[in-house]
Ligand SMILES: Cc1cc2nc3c(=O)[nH]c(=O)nc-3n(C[C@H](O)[C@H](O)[C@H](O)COP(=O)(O)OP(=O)(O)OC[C@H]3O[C@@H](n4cnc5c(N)ncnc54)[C@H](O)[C@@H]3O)c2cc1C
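What follows is one chain in structure tokens, specifically the form predicted on its own.
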């Protein structure tokens, strides 16, 4: 039977970053994924300032720059009544953009290959994990389906980084995600979309409310296009997201930009477990990172940054557990404390912002006022683009702030 210090299940940004950070600390890691890389992952493809910060630490910015990508230097919004707001990203001291748009087919493979190339990381691709091993109530390894045969592999810590439908989370009995804290989205790629700039676009138009329609630019007039909506609202209103995309593309605001555009594939859907109510991410012998821990931004739907950061935090706690020789939840619970310190305030603020954004009149007000107020544009830009922007996020999520905006 094989033995490792750490087994990481899932080779996306959360799993690959966990593997890299653990490997750099001298731990022997096995990284397992049911797919073979490169592989696609349904997503909006936005790489935020927070993502850039961790990717820089992993020395991956040059890899992104040398592969297919689009630079992101701001955000374009439209309101339900059709007003358009364009905000520039805050200026940086470096030549790096505020963020990127990179297809997950490209991005995930870059991070995965970086992990795979580390001397302390072994990789099993095309290998589904089908169960966890437990002894005396503690997770001590996994069971994989290796070319039709069951194989048991042991480790002192198992990290579940296998997404919203995590097999690890399921096997350890993690909480079910509530519809109030869950989004369903669909996306596809288009070519020939007109009028795109170096900015991501979020359109809060009537055709898709209470969700939003996005256009994330890629090279050669291609774009990631889709709609996301809170699952509770989607069920209540019986919304067909595929039809919502069609309505958005044919809306008065966007039809000219899409008149010569062609889809490059079918619409594909996925689930987004929001960090407004994240799962308990630790237990005896295991941790959960990224989407498996329910860490997606409740307002923007972006999950890559928190997945990367959670991998880093997980490695810190795993290293401590090894120094103590104790892999119980009493030690691993520090991971939850680090998540609380690094993410909870932001996740709460962005959840409040999401709730405010359900009111059409507030969306109209915010975009109308921001078009005429440079300070408000700066606050919005810093909130959604800047690497560290809690002071601005708090302002936007505070009803008193909007009361002042209303009467100003």
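Positions refer to the first chain, counted from 1. Fair warning: this is a prediction, and the values are worked out from it, not measured in the lab.
FYI, the form predicted in complex with the ligand isn't displayed, but the following is about it.
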Each of 37, 41 and 163 within 4.5 Å of the ligand in the predicted bound form, by any heavy atom, yes or no? yes
Heavy atom of residue 185 within 4.5 Å of the ligand in the predicted bound form: yes
Using heavy atoms and a 4.5 Å limit, would one call residue 357 a contact residue for the ligand in the predicted bound form? no
Would you classify residue 270 as touching the ligand in the predicted bound form, given a 4.5 Å non-hydrogen atom cut-off? yes
Is residue 128 one of the residues lying within 4.5 Å of the ligand in the predicted bound form, judged by heavy atom distances? yes
Quick check on this chain: which one of 76, 209, 218, 167 has a heavy atom within 4.5 Å of the ligand in the predicted bound form? 167
Taking the partner as it appears in the predicted bound form, which of 368-376, 44-52, 346-354, 66-74 has residues with heavy atoms within 4.5 Å of the ligand? 44-52
Could you list the residues in 12-33 that come within 4.5 Å of the ligand in the predicted bound form, counting only heavy atoms and keeping sequence order? 12, 13, 14, 15, 32, 33
